[in-house]
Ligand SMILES: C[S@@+](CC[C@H](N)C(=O)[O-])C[C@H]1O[C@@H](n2cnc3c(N)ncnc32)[C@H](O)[C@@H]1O
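Have a look below at one chain only, the form predicted on its own, in structure tokens format.
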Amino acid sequence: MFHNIEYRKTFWSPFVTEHTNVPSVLLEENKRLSESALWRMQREYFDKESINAWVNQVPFYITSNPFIAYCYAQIVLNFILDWIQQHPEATQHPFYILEPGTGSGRFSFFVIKTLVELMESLNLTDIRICYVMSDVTRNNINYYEKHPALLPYIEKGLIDFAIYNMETDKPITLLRQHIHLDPKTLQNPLIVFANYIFDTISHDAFTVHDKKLYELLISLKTETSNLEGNRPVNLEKLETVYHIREIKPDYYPDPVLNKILAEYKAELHESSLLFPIGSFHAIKYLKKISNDKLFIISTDKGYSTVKSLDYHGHPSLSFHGSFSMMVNFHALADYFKNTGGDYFLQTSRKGIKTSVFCAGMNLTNLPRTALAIQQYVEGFSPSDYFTLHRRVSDSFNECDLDTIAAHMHLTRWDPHMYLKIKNRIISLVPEAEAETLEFIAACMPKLAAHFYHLPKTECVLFEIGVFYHAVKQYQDALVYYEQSIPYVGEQFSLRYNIALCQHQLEKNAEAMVNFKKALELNPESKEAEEWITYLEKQGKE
């Protein structure tokens, strides 16, 4: 029987803040939330952890899977086609797609792969695109530049990189092309994917009471034992306290932002709310460098209506290695509306929300785009997908193989999902219908094509080998076992399984080599010893 492989993992346990009488230090007092040291600490965390931030710490699957990538690719491709129809000269210049806060890079890989496949299938290879993976830390970019899944697209000039802090106005410089994203470079609209990023850059906070508007000023404390070099070690041990102060109507120098605040003052009954000032800053800068031609798709946790903003207590921080806050999508939509742009906000769903914003254009004049938004944002959306994904993830042991296969097809053969249910799939193989096994086997290459390795995570290539092994497609199993070697290293299970497949294919000399390697890796294996003895005996006969 084949063996499962062993993986070394890093497990994270969430810290629950409990305010006790332990000695504490006041880090800052009565600061405007956007000016708090919190945001500096956030950037320092991502710079220190680099790619490891996304290994069992910062959640990212919900916006980094093949399904959401397919939705985005469809919307963007239809937007590009709308734009070219209205501006035929657009084909002479590339369409730049900027992803701020790229993070793990997995979403970037899925979406550029899908977009290229769609363009090739529609014979649109004359359209030039450049996907810009950007982050605040160079450490992450170093990881992207060498990633084997990204290299084919990098070599074709389809991917470039940039260091970009959304809260500054520093030029966005492409590291491979050595050019800036500026009004001269961006002849076509700048397309931006803002997933799980508006929730991690600075906010201001306000509260409405008796039709008066107050700002919320934050104070930070932490235990003295949590300090190292006068800086907190564990962000989850920060204690936040808010103080209120009534404000005047001209709180911001920007009258558009003051107008939005005035609307909240008039319309909210009793609530505290976040105001995405860092996001506003980034949007203004991106509008400026793109000649006010900007198209943004964003998926995040947040609020999209005035009603959903009402009756909330003071804002809280959600900790997950870093921290995040709820996004006020309603305020972002108001900003675009009041500056001559347009937007689409998904109807209320539990969980994440997808929104589309554009400057310098109106969605009613972009028919393909509007239809794609109806289908992939308002129709069966990333939010709906994740609801089903979570349900199947929680109950897969109750599902038969036909149901699992159908769900895997809905996920567009997502490795993350397969790794969750792989043992259930293998356990169902002996009693499964031949047609179901044939369908899954035929789709395994799609699963492999979506493999994007991250440190200390399981290797789906090995598990594909296990599936083919279980259905007795030994040559296919060998292909994927061997492809997994760079990722899982030399392990007993891998060499033992390779040897079993080689024996089934009557390659006993090669099988002997791998059984011996397996025995070296696990000298106590009776199974390996017995196979070696058996093959030696067969060789003498």
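What you are looking at is a predicted structure, and each value in this text was computed from that prediction instead of being measured. Start at 1 and count along the sequence shown; that's the residue number.
Below: the form predicted in complex with the named molecule, not depicted.
> 28-36, 491-499, 42-50, 509-517: which one contacts the named molecule in the predicted complex at 4.5 Å, heavy atom to heavy atom?
Replying inline: This holds for exactly one stretch, 42-50.
> Does at least one non-hydrogen atom of residue 292 fall within 4.5 angstroms of the named molecule in the predicted complex?
Replying inline: Residue 292: no, not in contact with the named molecule in the predicted complex.
>> Is residue 484 part of the interface with the named molecule in the predicted complex - any heavy atom within 4.5 Å?
In response: Close contact is absent here: in the predicted complex, residue 484 is far from the named molecule, nothing within 4.5 Å, heavy atoms only.
> Just to confirm, residue 474 within 4.5 Å of the named molecule in the predicted complex by heavy atoms?
Replying inline: Judged by the heavy-atom cut-off of 4.5 Å, residue 474 is well away from the named molecule in the predicted complex.
> Might residue 137 be said to contact the named molecule in the predicted complex, defining contact as any heavy atom within 4.5 Å?
Replying inline: Output for residue 137 is yes: heavy atoms within 4.5 Å of the named molecule.
> Which listed residue (204, 463, 414, 99) meets the criterion of a heavy atom within 4.5 Å of the named molecule in the predicted complex?
Replying inline: Exactly one listed residue reaches within 4.5 Å, namely 99.
>> Counting any non-hydrogen atom inside 4.5 Å, which residue from 167, 334, 254, 236 sits next to the named molecule in the predicted complex?
In response: Going through each option in turn, the one that passes is 167.
>> Need the contact residues for 58-87: heavy atom within 4.5 Å of the named molecule in the predicted complex, sequence order, or none if there are none.
In response: Heavy-atom contacts within 4.5 Å come from 58, 60, 63, 64.
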